[in-house]
Ligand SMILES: Nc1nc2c(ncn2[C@@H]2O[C@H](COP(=O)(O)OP(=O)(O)O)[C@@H](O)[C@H]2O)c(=O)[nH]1
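A single chain comes next, written as structure tokens; it is the form predicted alone.
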């Protein structure tokens, strides 16, 4: 594992007229794929959209998205990292950049490319050379102490999503504690508490994405 705890070796790529690149990261099981699967049907009729998934050895997440039919199959690309997930999204981003650029060549111009990281730890962040904005997804079932542990993923991401709020009574997690700690360590950066299973249209998160793109909701598709 890298010991730099989030040092970015790449300069931010100029936007120009290209798609916004949105990174979605977080620990295993937090709901990264579920969030990607939720955002695609909400946004696909409004935006020109493609997805890149990361798994260490398989194409499991891309296969799930294709089976769910959230986008046309050729708009979902899979990267096998064969290494710690943060390496491919922060340290050696070439494979992900290649996948993004292949989407843009095949389907461009695009408005949005979602890049889903493989499951990682609280230090995982995307290089600004790869992602223009980053969402970090935590799981209530991991315990209410997780937000206050901090880490670059929690403290620096552009949006922190605390998922699976419906499980709080079952695992003894205090949602008020989680929210309070999250706001405290994030110094004003936004936090969303949700259950993607209960609210699959993820309205707050979809509106946040729209705001990053400077577009308004078009209403139900």
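No experiment lies behind these values; they were computed from the predicted model shown. Residue numbers count along the first chain shown, from 1.
Another form exists, predicted in complex with the ligand; not displayed. Remarks below refer to it.
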Spot the stretch among 40-48, 176-184, 151-159, 191-199 with residues whose non-hydrogen atoms come within 4.5 Å of the ligand in the predicted complex.
191-199
4.5 angstroms heavy atom contact with the ligand in the predicted complex for residue 34:
yes
Evaluate residue 56 for contact with the ligand in the predicted complex, applying a 4.5 angstroms cut-off between non-hydrogen atoms, and reply yes or no.
no
Given that the ligand is not shown alongside this chain, does residue 171 nevertheless sit within 4.5 Å of it in the predicted complex, heavy atom to heavy atom?
no
The ligand contact in the predicted complex: residue 166, any heavy atom under 4.5 Å
yes
Within 105-120, which residues come within 4.5 Å of the ligand in the predicted complex, counting heavy atoms only?
116
